[in-house]
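Next up: a single chain in structure tokens, the form predicted alone.
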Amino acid sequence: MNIVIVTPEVTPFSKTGGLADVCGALGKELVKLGHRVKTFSPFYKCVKDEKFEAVDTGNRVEIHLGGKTFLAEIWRSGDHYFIGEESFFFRDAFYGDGEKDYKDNALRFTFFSKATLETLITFGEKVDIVHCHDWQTGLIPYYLKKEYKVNKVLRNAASVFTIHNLAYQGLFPRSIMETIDLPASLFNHHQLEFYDELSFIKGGLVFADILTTVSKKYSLEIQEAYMGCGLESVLQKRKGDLFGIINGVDYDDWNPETDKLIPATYSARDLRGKRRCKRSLKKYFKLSGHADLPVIGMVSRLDSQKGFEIIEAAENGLMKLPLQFVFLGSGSKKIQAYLEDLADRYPDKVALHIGYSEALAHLIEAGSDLYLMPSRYEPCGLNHFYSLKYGTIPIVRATGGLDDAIINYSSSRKSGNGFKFRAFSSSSLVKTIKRAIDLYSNDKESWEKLQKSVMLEDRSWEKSIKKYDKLYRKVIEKHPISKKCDQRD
């Protein structure tokens, strides 16, 4: 199949979170199955880094929006293509400045979406699947179904839309429709209107041929009011076209046996390198105290979704426990201020790095004993999978993909692969962390056995990519215009 992946970010070129990792790995795995894959993302400032060897193809595509003409530059690195327009994408951040989104995000990502489709037309090779990711690409299924339905290159293309996080919806004032040339008739409850605003993500949910999300549990949760973010009725109507496929791990990047970003490699057969990584982690963050104190790591966007509310509420209980915390992330200024204050008040217990560093993220996974994900909700997540591979035992709240993947450890049966709690509360968090550090401190034999067993779990893309392959074939078979167009050709 000729498959096109369209995403606002993709590793190794651009990343704010797990979406980038998923899209980067998805393309690689599809190629392994023999498919032809092109990935499209914006040409951000960071992509111009010499190490990526992105080259200007010299191709230019004109995009007309709101009575204005914009020129899209087409850059390339291998099978990755980048849509460039300096005023749109050469900014310090991808989506917003500090606490606020960029005011022209609707225009920026409409331009990106249309330029991607127009670029595919210039290539001239018929497309089988266009796989869109998150709200930034939500208009593409509409364009394919309505505006490009008779185009020779795109008319047979079936659309797949993946929801990575339903809470981020791409909402804009109704007035922006004129700026991005959307017909006013689309602004209705059944199509793009959402509580008197224009919703990009709703475009994907309504017009895509198939919908996916990143775990089975999350696909069910978002059909209910408590997690549906106001779109649960839309998803209920499309439940027959909605599939939950859990993310996999790219072990080329995340494997302690081969990881070049950590000070010592190690395996389930020999954990000595992990102890060296822990020493390096503590040294980097200047954490003093006994070497055997359990270290709990957390690499996260600083956002209320990630459970920082109950961490703050649990502060008194947590700071009395024999443990140390290491945090890496950026986001909410309020959460950042709290963590900075916590680290100032407990310098021997709490360490913090604001920002993102791929090398430091790897060091935290390798050097920590436990990994914390107390999320309010979590569509899938990836760090608990990384943690399993690195022998860093996850502590998670039972929601979304975390609930799917982590089996609560039973001391009596000596079974499970992490520690899990259900109530979104500080008391449940403290109780679960106490259980984890009790096993770590008082039963070293069982702890090491647990580490070694979770490191041997296979969380690769092998199963998930076969499900995507099957889904692609299914959507091509059911695509309503494919047979008609084949006859016309």
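All values reported here derive from a predicted model rather than from experimental measurement. Just count from 1 along the sequence shown to find any residue number.
The protein also exists as the form predicted together with adenosine-5'-diphosphate; that form is not presented, and the subsequent description refers to it.
Per the 4.5 Å heavy atom criterion, adenosine-5'-diphosphate in the predicted bound form is contacted by stretch 304-312, the sole one of 104-112, 304-312, 123-131, 79-87. For the marked spot (L19, S330 and M373), a heavy atom within 4.5 Å of adenosine-5'-diphosphate in the predicted bound form is present in each of the three residues. For the residues L186, A405, L382, A72, the 4.5 Å heavy atom test against adenosine-5'-diphosphate in the predicted bound form is passed only by L382. Listed residues D252, D196, E224, E358 were compared with adenosine-5'-diphosphate in the predicted bound form; E358 is the one with a heavy atom within 4.5 Å.
Interface residue remark: S300 is counted as part of the site for adenosine-5'-diphosphate in the predicted bound form, having a heavy atom within 4.5 Å. adenosine-5'-diphosphate in the predicted bound form is approached by Y386, whose closest heavy atom lies within 4.5 angstroms of it.
At a distance threshold of 4.5 angstroms between non-hydrogen atoms, K15 is in contact with adenosine-5'-diphosphate in the predicted bound form.
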